[in-house]
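Only one chain is included here, represented as structure tokens and corresponding to the form predicted on its own.
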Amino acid sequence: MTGGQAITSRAGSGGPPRPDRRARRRQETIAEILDIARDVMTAEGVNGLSLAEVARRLGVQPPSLYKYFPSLMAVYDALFAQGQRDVVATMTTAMADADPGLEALIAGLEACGRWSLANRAVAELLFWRPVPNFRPSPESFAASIEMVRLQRGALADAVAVGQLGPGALEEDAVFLVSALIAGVLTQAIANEPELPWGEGRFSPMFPRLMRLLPAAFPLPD
């Protein structure tokens, strides 16, 4: 038994185990690296991220970062995973406060839009893949699958309550919905990146676009 294990065992007999200070410090440093990476991407563009610049801002030599991330792509992967989890949590909260069906779908997508414009650099990494050689790991991509599941569930609810026809249950229905929100965000980020959701020429159009869904998926005669 190591000394650290002995400490944990003694703490467990009289209360909660003591946190591993080294593990906690490691997680704090990883979080700081990712915060700096987001700042660099926001200032320099997603492709402008470099381990050298992250190390400079952190006040260490670049090789020191390899204790936490083996490569620049690993940093991108961690940012992708964190961003996807944030989007899913944001959508889930918004949808839970809305009526099932179209209202929940619109609420979830608008929440995604607000998050994306407030976190533009990470949103570009998630939804536009601007780094040619980057592919998210299966673990990081898992939250993307959950985001699609949320949208499919809302579409199914809309069919169940008679807001949309059965075509909304088809495989490509969620692709149409994704194209609507992605189109709005692409225009907003490209032309009005400084404006929050709900301002400017593009994001205010999203509710109008969503009103096209009953025409795209009509109720049966």
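A residue's number is simply how far along the shown sequence it sits, counting from 1. Everything numeric in this text was worked out from a predicted model, so none of it was measured.
Separately, the form predicted in complex with the DNA exists; it is not shown, and the next lines address it.
Residues within 4.5 angstroms of the DNA in the predicted bound form, judged by any non-hydrogen atom, belong to 50-58 and to none of the other stretches in 174-182, 50-58, 154-162, 192-200. Taking non-hydrogen atoms only, residue 187 never approaches the DNA to within 4.5 angstroms in the predicted bound form. In the predicted bound form, residue 71 approaches the DNA with a heavy atom inside 4.5 Å.
For residue 208, no non-hydrogen atom is located within 4.5 Å of the DNA in the predicted bound form, even though that partner is not displayed.
Residue contact with the DNA in the predicted bound form: residue 64 places a heavy atom within 4.5 Å of it.
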